[in-house]
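Same chain, two forms, each on its own as structure tokens: structure 1, then structure 2.
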Structure 1
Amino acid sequence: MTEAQPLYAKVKDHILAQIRNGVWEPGARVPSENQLVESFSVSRMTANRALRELTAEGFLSRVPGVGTFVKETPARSSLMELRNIAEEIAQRGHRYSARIMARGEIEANPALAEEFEAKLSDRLFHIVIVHEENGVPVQLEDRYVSAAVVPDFMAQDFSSMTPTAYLLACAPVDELEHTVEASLPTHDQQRLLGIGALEPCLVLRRRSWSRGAVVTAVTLTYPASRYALYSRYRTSERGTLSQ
């Protein structure tokens, strides 16, 4: 004789079925605790547990004082390849926009000179851009570019073309370096990305070379609830990268 399914699990299964069958799409509001209590003849505690567990499992997003919603599946960006975020967003059928927060020219400080394998007197371009998907910030780009390698970088209109697209067109890449870490946002990152102090972020630091020279060093910050980094590649039988 099998044990009866707990009431909270029945409520969870119903909500999951509605999501998986496409009845409730991402962003749709799900019934409130009071509505679940009435529909399933369960206690408020049971309804609360069902919603709480589905939120913890990543299916729902609860906004205090507003309601509970089907959580959007985070967009994905390739970790191992250079991808133009504007094209990624367009491929999903969404609207891309950008806000340029800072741009200018500087002399390399000791840390940047080391990153660019350059001299302290070498000039670098600096640009900060917030990339948006359907008006929602999904990536903060903080980029330095070698003025010697890409002298016309600052003459471009990066409100309509991404720096990645321009750099790939004028300085073909032959080597990449990636570092990924998780961190909590700084005050400026919270403001620019429209997130709270406790929203975890994925931080991708990347350098690229062209013909032996460092072209650019960029830090890309993604709110973890809105974006994911992924990679897929062939390996040897021992799990090493195929040549």
Structure 2
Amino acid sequence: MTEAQPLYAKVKDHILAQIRNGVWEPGARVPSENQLVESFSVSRMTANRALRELTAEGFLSRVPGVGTFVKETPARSSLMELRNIAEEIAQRGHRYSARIMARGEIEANPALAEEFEAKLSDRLFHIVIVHEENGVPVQLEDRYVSAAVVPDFMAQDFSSMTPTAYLLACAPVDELEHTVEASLPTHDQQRLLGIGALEPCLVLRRRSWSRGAVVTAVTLTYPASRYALYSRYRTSERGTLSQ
């Protein structure tokens, strides 16, 4: 967990933490490169790299001759909010249930290592859950979790709290990646979801990052006839839409 971290990453983390904890509000001035040189005992190039990367990542804005400032970040709603499927079903007045079909701890294979931006020897938790609405399977969750980031993951009781909810409570998400595609179900998926071979499925893949590390990678499979993804939101004043 406590890996040897490069110096520039330590500086980045410190600044990000101040922003996340609200110590430095949007618009606030961030220490100059020379001040960071003093307080962290690093070279100016190292401080510069930390500030430059945070700027490229959208957290800061810099003005030559003036200083560095926390960027204004209006809230954005997204198509893919991290919604809790249990709550969602309950909200519709239906009965939620879950069946855990598999759980274990494995070593990362090459594909998983790349997905987690980690090494081959790293350990991952794996869990397969079928989520049901009124007893009918509506979502197949196939999830890998970094054991380094969330060591206590397996101790949880996922019939009472969904993995999504638990992970959100453990590690603040600061980056999300989604891929949505359509596919016909495999034999396993047909069996677990109780659907036919010709029923198309939505497949949503999500990776989430916390403090620069991949926390979890999950594949959610929805039978098309029982589920659709939906979102509706207002765009902010300045507009989140690019052409």
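For residue numbers, the reference is structure 1: its sequence is counted from 1. Note that the coordinates shown come from a computational prediction; the quantities given were computed from them, not determined experimentally. In this text, the rigid core denotes the largest set of C-alpha atoms whose superposition between the two forms falls within 1.5 Å.
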Determine, for this pair of isolated chain forms, which one is the form predicted alone.
1
For Phe40, decide whether the Cα shift between the two structures is 2 Å or greater, given a superposition on the rigid core.
yes
By the 2 angstroms cut-off, has the C-alpha of Ala217 moved between the two structures once the rigid core is superposed?
no
Fit the two forms on their core, then tell me the C-alpha shift of Glu25 between the two structures in angstrom.
51.0
